[in-house]
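Single chain ahead, written as structure tokens, the form predicted on its own.
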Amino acid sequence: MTIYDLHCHSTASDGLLSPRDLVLRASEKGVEVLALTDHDELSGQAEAGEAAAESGLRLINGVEISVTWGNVTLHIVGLNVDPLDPVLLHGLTRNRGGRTERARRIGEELARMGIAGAFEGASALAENKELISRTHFARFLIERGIARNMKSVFKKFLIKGKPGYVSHEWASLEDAVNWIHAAGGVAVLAHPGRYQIGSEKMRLLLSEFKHLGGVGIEVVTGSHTPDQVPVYADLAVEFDLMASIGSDFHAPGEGGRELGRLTALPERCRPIWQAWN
């Protein structure tokens, strides 16, 4: 059975491995089809493509777009996109434009708690200075000994309702789906189990996503528990969405997610790769 991993990150956004090293690690772990899906960024695709050609791994060009839906931040993955498409590139540039300002505001909030230099520390950890993310702040806080690990730092500082959280208006759901379509790709709702919105609102989201042209939902991801997999498999069937699979890998040993180390999709699901194979 082919091993797919259709969600991961490199130093082009908030991963710790270069696109080349990420692809080589995926190949070493047995991944045969990999999608590089950096946050609001496509600059790593060319380097990843060269490494994929060397290793024999098949690379799917991808991206993870930050979206504001109501008062909730969502992530929409675009798979099999044209990384040179002008509509998608323009949209991603627009989405990245607010990241630096948000990062400064996070630094200010943490400074009010007595944690000085957080913006500068997070910035130093970000290879792409246009993409200073909460992950970079989390790594800074861990390095400073303020938090033990990723899970604890997000829980204490960087999620809604906690000091250090800063709201931001990202792309609309419609815009994200349209940008992906313009680039010839398919739109997938990323890690739905992370959104604390309840079953009724989740169904409303999936209905709207499907109406706008969304094609898939991540059923097996690095952040889904075994109990969540059948829940989102059932929703995929209910809303006639294809099922995707991805580790959401960022770095070795970070968050317990390794490339390609995922359970198989439930048999009742239609795999997302049928959309382009």
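Numbering starts at 1 and follows the sequence shown. Source: prediction; values computed, not measured.
Separately, the form predicted together with ligand AMP exists; it is not shown, and the next lines address it.
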item: In the predicted bound form, the one of K160, R194, R148, K129 near ligand AMP [non-hydrogen atom within 4.5 angstroms]; value: R194
item: Proximity to ligand AMP in the predicted bound form (heavy atom, within 4.5 Å), stretch among 89-97, 133-141, 176-184, 203-211; value: 133-141
item: is_contact(F154, ligand AMP) in the predicted bound form, heavy atom dist at most 4.5 Å; value: yes
item: Residue contact check: H224 to ligand AMP in the predicted bound form, 4.5 Å heavy atom; value: no
item: Non-hydrogen atom within 4.5 angstroms of ligand AMP in the predicted bound form for each of H75, R102 and H250; value: yes
